[in-house]
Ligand SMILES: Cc1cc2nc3c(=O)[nH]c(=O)nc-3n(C[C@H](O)[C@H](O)[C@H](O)COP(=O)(O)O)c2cc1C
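Shown next as structure tokens: one chain only, the form predicted on its own.
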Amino acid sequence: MKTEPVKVSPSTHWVGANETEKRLFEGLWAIPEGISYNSYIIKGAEKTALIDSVLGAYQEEHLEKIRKVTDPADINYIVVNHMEHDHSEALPKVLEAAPNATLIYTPMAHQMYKAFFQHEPKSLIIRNDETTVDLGGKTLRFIRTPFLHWPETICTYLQEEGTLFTCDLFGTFRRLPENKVIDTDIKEIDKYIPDSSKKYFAGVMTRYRDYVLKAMEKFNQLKIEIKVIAPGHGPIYTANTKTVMDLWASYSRPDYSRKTVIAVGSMYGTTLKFIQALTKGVEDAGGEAVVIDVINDEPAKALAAIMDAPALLIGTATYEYNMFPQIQHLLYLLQVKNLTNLTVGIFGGYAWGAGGAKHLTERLDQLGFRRIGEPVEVRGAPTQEDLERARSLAKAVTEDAFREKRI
């Protein structure tokens, strides 16, 4: 699907692209509905700026859109809010068509650019939050927002229109409809917020949630009036600007809900037989059980469920005397995303040799989880007595979590 450039304001056009080939974003996160790579052309009375670029696979489509808005040779500035490849890989090709353009980015992004492309471009280095560029009646201001989600990131503010170009901040999974990029023009905007937005945050931003809050506080301190949010992925927000900012603030604090996630890895379904009893235990404690099957549910969905849950029940089949591999992967993600401040309980099973629950217990303790009770681990299928033990464990974990988080 090749969309046309889309006019989003008198001065600004979207000239991005939709991902139609990749199965995984960053090689990690399932994107069955795709994702967009957003780029913007801003034309002032005197000068023209390009905000971010796209993945290299879409560079020709990107340039074709740019040419329909302006001659690339007339581009004076290229703003690099973030140097990750999905926003920068097409830059060398763009610079061939825009040889007079000056790149605008932070010192670290400048070094990254040279390392990525072995080229020394003409550059304007952003070292504070006061730098501006006048395009002729249109003023761009550059705001340093580190670790959103790399250390070199900035946001760009179009002062006269109140538009904040945020790159990965406030992004979302899911490709954009053909020739529709503004929230009010997208009929199924609810597919982007909150579902795809939350999964995007979980996969990309969870580790940096404190920096999200710091950036939002900086916008307030600098008296940045945000009328429009133009992110690097997903819709441009006009009517839903406050909704998206409130959601991301909620994801970042986090605002815990009264739920317990039950994450389970089972080869043949035996460990899944605990689910009903565990659910009843969670409900006994006044909570809602959310079940994640680590085989069939993508990791971003698991993280999105866990990041605002105070309690977690993890079930593992034993695989080669150890945890089930997808459970090990989930623990790795919880570690790197700083989601270890949870109350946790363990259940599982084995056929001919135990070990899964033992290794899971050791790993959770190493990571600093607040573990409640002993694992409910059984050989073969759980008996009624085993199910009652699981129900009691789920109730105890949920009650402790709610008490600990005061919810």
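What you see is a predicted model, and the numbers here were worked out from it, not measured in a lab. Counting begins at 1, following the sequence as shown.
Quick note: we don't show the form predicted in complex with the named molecule, though the next part is all about it.
- Stretch 267-275 is the answer when you ask which of 332-340, 229-237, 267-275, 83-91 has residues with heavy atoms within 4.5 Å of the named molecule in the model of the complex.
- Contact annotation: of the candidates L367, A57, A30, A354, the single residue with a non-hydrogen atom within 4.5 angstroms of the named molecule in the model of the complex is A354.
- Put simply, of E130, D246, E320, E120 only one has a heavy atom within 4.5 Å of the named molecule in the model of the complex, and it is E320.
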